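What follows is a single chain, given as C-alpha cells, in the form predicted alone.
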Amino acid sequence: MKKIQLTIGVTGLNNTDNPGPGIPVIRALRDSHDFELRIIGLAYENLEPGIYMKDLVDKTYQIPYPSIGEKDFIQRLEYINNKENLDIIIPNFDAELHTFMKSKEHLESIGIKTYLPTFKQFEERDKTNLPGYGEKYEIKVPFSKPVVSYADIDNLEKNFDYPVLVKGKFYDAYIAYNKEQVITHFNKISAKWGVPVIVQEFIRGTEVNMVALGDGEGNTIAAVPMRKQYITDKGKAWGGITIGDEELLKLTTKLIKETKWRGGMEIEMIKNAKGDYYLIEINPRIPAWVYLAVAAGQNIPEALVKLALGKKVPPFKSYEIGKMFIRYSYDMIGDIAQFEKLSMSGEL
C-alpha cells in the first residue's frame, strides 16, 4: 500500500531532566508504516536537543512563546506554513495548548489540522478545578488549595499536615516538609509559571500513570498504564514499566466516555496501600514517556494523526505487559555554526 505523504509540525523538542514529549512523538511517527513524513520541529529555545537530531527532525523553526501574544504567534506559524505546507501540528506543552485551541479554526483555514481537547475539557481538568472534577466523575482526589500569596501559605496548617505537594499550574511539583520549604517552592514555581501555585495533600503510595487517546465521541482508542520505577526530584519518570491494571483501565475508559475526551492525555494516579486510587492530575496532551506505549503495541501518536485526518481508527485491543523504559543522558555533538544560524535566522 502506498504511504500517505504528510508534513507534520511538532513542538516540545527539549529533552532535559524535564523532557518534552516532542522527541518520543516523532520517534513514534517515524515508526509508522502508513505515512511518509517530513517532520518540522517548532522550537521555543535554540538549545532544545531535538533541533540538532537530523535523523528525527528534517528542519526546525524557532517560534515565539504564546505569551508574547496570539497575533505574533500565529503570524510565525503562517510564515512557516507558507514555506513548508504543514498538514498537521502536534503541540506538546500544556502552556501552548490554549493558544492552539483558540486558533483551531484559523489554522484549519490555512490547511493545518490539530487534534486537541475542547475548551471545556481543558478547563475542567485544570489543577485548580481538580476537586470538583473528582466529585463530578466520582474519582478520589487529594485535598488541594490554590496559593497566590504568603498570607495563603501562613494559613495552610489549618487544612494540611506536612508533607504536602507544591505544584505549578503547568509544570513542576515538589514535596515540602515544612512552611519554609513551601515558601521556597512557591517562589521558584511562581517565578516560572505564575500563580496560582497548587498545594496538594500528599498521598503515600505507588505512582501509576496512564497514557490514553480519546476520539471525542466517548471511545477510548488507546490506553496503556505504567508504573514509575525511577522518579527524578522533579517528579518525572526516568524509568517505568507497563502493568496489567484492570481497575485503572476501567477508570480511564469511564472518564473518556463521560467527558468525551478528544486527543491525547496522561492520567496521573497514586495507588495507596489499601488499593485506593487518587487522581493527582490530568495532563491534556501526550506525555514524554509515550514511546513505552508504542513499544508495548499501541502507537498513539500515529493514531492521533489518523484521527486528525478524519479517519476512523479502531481501538487497540491489547498491549504488552512488562515492557520497560529507562532514560539516559547522551552527549550529542554539534557545531557552533548551527547554533548561530538558528539564532540569526530562526531556521535550521
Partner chain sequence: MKIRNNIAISDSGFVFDSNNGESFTLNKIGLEILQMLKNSRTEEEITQKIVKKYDVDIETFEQNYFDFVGMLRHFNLFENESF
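What you see is a predicted model; the values in this text were computed from it and never measured. Numbering follows the first chain given and starts at 1.
Only in words, not in the display: the form predicted together with its partner chain, which the text now covers.
Practice task
Spell out, yes or no, whether the shortest heavy atom distance between N159 and its partner chain in the predicted bound form is within 4.5 Å.
Solution key: Contact with its partner chain, no.
Exercise for the section: Mark E246 yes when one of its heavy atoms lies within 4.5 Å of a heavy atom of its partner chain in the predicted bound form, and no otherwise. Expected result: Yes.
Exercise for the section: Mark K271 yes when one of its heavy atoms lies within 4.5 Å of a heavy atom of its partner chain in the predicted bound form, and no otherwise. Expected result: Output for K271 is yes: heavy atoms within 4.5 Å of its partner chain.
Handout entry: its partner chain contact at T242 in the predicted bound form, heavy atom, 4.5 Å
Key = So T242 counts as contacting its partner chain.
Exercise for the section: Could you tell me which one of N187, S149, S109, Q229 places a heavy atom within 4.5 Å of its partner chain in the predicted bound form? Expected result: Selected option: Q229.
Exercise for the section: Would you point out which of 34 to 42, 280 to 288, 318 to 326, 63 to 71 contains residues with a non-hydrogen atom within 4.5 Å of its partner chain in the predicted bound form? Expected result: Comparing against its partner chain in the predicted bound form, the contact stretch is 318 to 326.
Exercise for the section: Would you mind checking 287 to 313 for residues with a heavy atom within 4.5 Å of its partner chain in the predicted bound form? Expected result: Result: empty, none.
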